[in-house]
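Here we start with a single chain on its own, the form predicted alone, put down as structure tokens.
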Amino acid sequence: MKRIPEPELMVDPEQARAYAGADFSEPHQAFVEHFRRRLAAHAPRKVVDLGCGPADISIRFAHAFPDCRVTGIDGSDAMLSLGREAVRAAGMTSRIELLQLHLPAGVPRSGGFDTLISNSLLHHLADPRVLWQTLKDAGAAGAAVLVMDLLRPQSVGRATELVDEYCGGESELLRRDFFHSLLAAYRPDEVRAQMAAADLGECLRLEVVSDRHFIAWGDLS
């Protein structure tokens, strides 16, 4: 099935609220556990969460690694507004900062972050090279990287099945957005080609970790 791109940003407040209110506890907690298992030797200190949305993973990550500080970056004001509410409710304002930036502009290029994480950003980008280059620009030497994103199904019918299985009880708006995100996602061979083109193929590994997610992880050597 050919990839069908979707908009880069969720700017509609209703759309952002539907996303923030959905139950993503299973994949979001799995994200944290993937980091724990695969990058166990790394102690996060200065973390950037690229495409942080309403900050659920930023908060989970900060809870899991009490010595770290997280900078969450997203281009959507609607998402960040909800994210700041969530950060305040979690009592994390001293450890999590959320910034509105539209990649690649504005991200520090000094290599200052020792940990770089991103969930479900890649499939939104008009140019996937933006993510991989941002990782290289913002990461310190040896920085730990974990990227998780959706997998594009083999057919529209399979995408519909995944929506029914994982968003059966959610709003029609969220179901629609999940469907479009699945169609906009990449296949593993496409992601491997992107990483190779960015000279990251030797330091990042790709794994399919569920029927709808892959992870790319490693360190910037």
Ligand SMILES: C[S@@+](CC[C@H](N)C(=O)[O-])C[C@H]1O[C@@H](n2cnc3c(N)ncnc32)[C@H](O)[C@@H]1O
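The first residue of the sequence shown is number 1, and the count goes up from there. Just so it is clear, the model here is predicted, and its values are computed rather than measured.
Beyond what is shown, the protein has a form predicted in complex with this ligand; the following relates to that form.
Enquirer: May I ask whether V107, D114 and G139 each come within 4.5 Å of this ligand in the predicted complex, counting any non-hydrogen atom?
Expert: Verified in the predicted complex; spot residues all out of contact, no.
Enquirer: Spell out, yes or no, whether the shortest heavy atom distance between L9 and this ligand in the predicted complex is within 4.5 Å.
Expert: It does: once this ligand is placed as it appears in the predicted complex, L9 has a heavy atom within 4.5 Å of it.
Enquirer: Indicate whether this ligand has at least one heavy atom within 4.5 Å of a heavy atom of L121 in the predicted complex.
Expert: So L121 counts as contacting this ligand.
Enquirer: Whether L98 contacts this ligand in the predicted complex should be assessed with a 4.5 Å heavy atom distance threshold; does it?
Expert: Residue-level check for L98: no, no contact with this ligand.
Enquirer: Is it the case that H102, even though its partner is missing from this view, gets within 4.5 Å of this ligand in the predicted complex, heavy atoms only?
Expert: Yes, H102 is a contact residue.
Enquirer: Identify which of R175, K46, H28, R187 has a heavy atom within 4.5 Å of this ligand in the predicted complex; exactly one of them does.
Expert: Looking at R175, K46, H28, R187 one by one, just H28 meets the 4.5 Å heavy-atom criterion.
Enquirer: For the heavy atom contacts within 4.5 Å of this ligand in the predicted complex, list the residues of 68 to 85 involved, in sequence order.
Expert: Residues within 4.5 Å: D74, G75, S76, M79.
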